[in-house]
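Given as structure tokens, the chain that follows is alone and in the form predicted alone.
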């Protein structure tokens, strides 16, 4: 059962249409949604990374610009002749206090012009220094400081130190170490390349913060700046700078990676400045990018869902509109198979289904026309057979009557023969009736009276009869010769077979809309089996299919078959003319007699 259901050919047209429409509408929408989601996710990720890299590049350019300015400041200071004298001879190189004042004034000009400079200190190789803003914390020689040594190691190249750590230098503004970034440059003797001294410039970290902190990456992303040693130059508050693996950033000059902090994925994009050696790092939660992708995916899923719902609704509507008339036609066909020929397709469609429905109606009309034609042909054939039967009855009786006349003439003379001949003449006259199928009931009784008188002549005292008919029924019309076959059976299968004389009583009365004619004999009667067989034959006549050819009658035995032939003949004629409610019923008791009742509609005129 399940295997049959899985076979596509066993599916209904409606299910096939639904499947096809769903595949056509929903499957491409699903594929398109997945493709758009994948392309959108990739594009958003590329755009976010590209924009972040561009912002980092701009920040690096700004930092490079300011660092370049500090480098130029260091050059300008080193080129000053008074500064050169200080490097060479220390504080004693100045000719007077005015010259020293002018030199300090010169240095003050840089801090005035560049507000981002926290302070400038000039230190010669003997540890002597001069500055407007900065001074040594103790008498310890400044040449032993790390920043001084790094400047010496750099051999005149401008170097960025980063935040000062435990140095012996402070300022009048008392800047904290994390509030300044130091730049140093050693000044070399042009001839000997010996270090004459170092220019120390403290750069305010606030400017770095101002350049970086206003740059936002998405909703909560930010930038950080790391020096070449991995020390943090700037990071916003509540950042994850302390948990950042900086070795991965210092290993490359540019790149990106993803790292989980407290089980939350973060995207890192970094770029190192070739001038400062500082690395600017962009940090933002992956959830923000994913959230954007999720929003787009939500729109895509909503779109696909809407398309799917529309596809499902369209598939059901289309499949229903197409399959419903086909199912209706199939139902009509089943009803036609069960015999309902009056059903019709009433659809107004003009498509193929509508054409099929109209063809179905035409086919039914043609079948009904053919059935009527066959029925009419069968009826005509049956009437012809009945007329032929009547033609056979009359000669048969004529032969018997002639035999009787011959016997009487040979035995008694011509008087009785005259009566018999007269009765025979009346019998033939009424029997022919100028070819009419219906005759007055009075003629039918006159006909049977002539028949019985002829039979009485033959059977003498063995046959007795009585006829009783209401005078008001005399002018009613009945089918011709409906009594003779019944009376003939009563004589030959009833009275003749019994011992002693028998009586045949014929009565006609009116019962509502019917004429009820009763033929009762006191003959041999029939046993139960024979009576049931005869009733069944008469009942089959009542349900005879007139669209089928009349079956060929078989030879029947005298005690069981020939008596039913005349009765069935009368039954068929009445049924053909007036239908099953009318016809013959029969009652019989063995050794008592048989009663045959004929019900005929009241007809006041010949039809």
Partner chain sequence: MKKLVILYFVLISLFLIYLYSAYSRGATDPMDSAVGLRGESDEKYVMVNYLTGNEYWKNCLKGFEDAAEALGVSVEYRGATQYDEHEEVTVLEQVIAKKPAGIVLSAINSEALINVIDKAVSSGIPVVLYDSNVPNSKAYSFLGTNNFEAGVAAAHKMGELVGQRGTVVILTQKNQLNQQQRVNGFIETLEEQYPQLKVIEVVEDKGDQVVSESKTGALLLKYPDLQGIFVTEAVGGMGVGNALINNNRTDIEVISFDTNKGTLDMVKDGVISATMAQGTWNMGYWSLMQLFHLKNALVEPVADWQQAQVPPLPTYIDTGISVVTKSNVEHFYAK
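Heads up, when I say rigid core I mean the largest set of C-alphas that superpose within 1.5 Å between the two forms. What you see is a predicted model; the values in this text were computed from it and never measured. Positions refer to the first chain, counted from 1.
Quick note: we don't show the form predicted in complex with its partner chain, though the next part is all about it.
**Student:** Verify the flagged residues 67, 74 and 106 against its partner chain in the model of the complex: is each one within 4.5 Å by a non-hydrogen atom?
**Tutor:** So, no: the whole triplet misses its partner chain.
**Student:** Can you check whether residue 152 is within 4.5 Å of its partner chain in the model of the complex, heavy atom basis?
**Tutor:** Taking the distances in the model of the complex, the answer for residue 152 is no, it never comes within 4.5 Å of its partner chain.
**Student:** Going by a heavy atom distance of 4.5 Å, is residue 301 a contact of its partner chain in the model of the complex?
**Tutor:** Yes, residue 301 lies within 4.5 Å of its partner chain in the model of the complex.
**Student:** Is residue 216 a contact residue for its partner chain in the model of the complex, using a 4.5 Å heavy atom cut-off?
**Tutor:** Yes, contact at 4.5 Å.
**Student:** I'd like to check something about residue 166: if you look in the model of the complex, is any of its heavy atoms closer than or equal to 4.5 Å to a heavy atom of its partner chain?
**Tutor:** Result no; residue 166 lies far from its partner chain in the model of the complex.
**Student:** Answer with one of 141, 442, 378, 297: the residue that has a non-hydrogen atom within 4.5 Å of its partner chain in the model of the complex.
**Tutor:** Looking at 141, 442, 378, 297 one by one, just 297 meets the 4.5 Å heavy-atom criterion.
**Student:** Identify which of 316, 492, 428, 94 has a heavy atom within 4.5 Å of its partner chain in the model of the complex; exactly one of them does.
**Tutor:** Of the listed residues, the single hit is 316.
**Student:** If contact means any heavy atom within 4.5 Å, which of 350-358, 512-520, 96-104, 189-197 contacts its partner chain in the model of the complex?
**Tutor:** Of the options given, it is 96-104.
**Student:** Note that its partner chain is not shown here; using its position in the model of the complex, name the residues of 173-190 with a heavy atom within 4.5 Å of it, in sequence order.
**Tutor:** The stretch 173-190, when checked against its partner chain in the model of the complex, contributes 173, 174, 175, 176, 179 at the 4.5 Å heavy-atom cut-off.
**Student:** Please say whether, between this form and the one not shown, the C-alpha of residue 311 moves by 2 Å or more once the core is aligned.
**Tutor:** Residue 311 C-alpha, core-superposed: shift of 2 Å or more.
**Student:** Is residue 44 one of the residues whose C-alpha moves 2 Å or more between this form and the one not shown after the core fit?
**Tutor:** No, residue 44 moves less than 2 Å.
**Student:** Examine residue 216 after superposing the rigid core and state whether its CA is displaced by 2 Å or more between this form and the one not shown.
**Tutor:** No, shifts by less than 2 Å.
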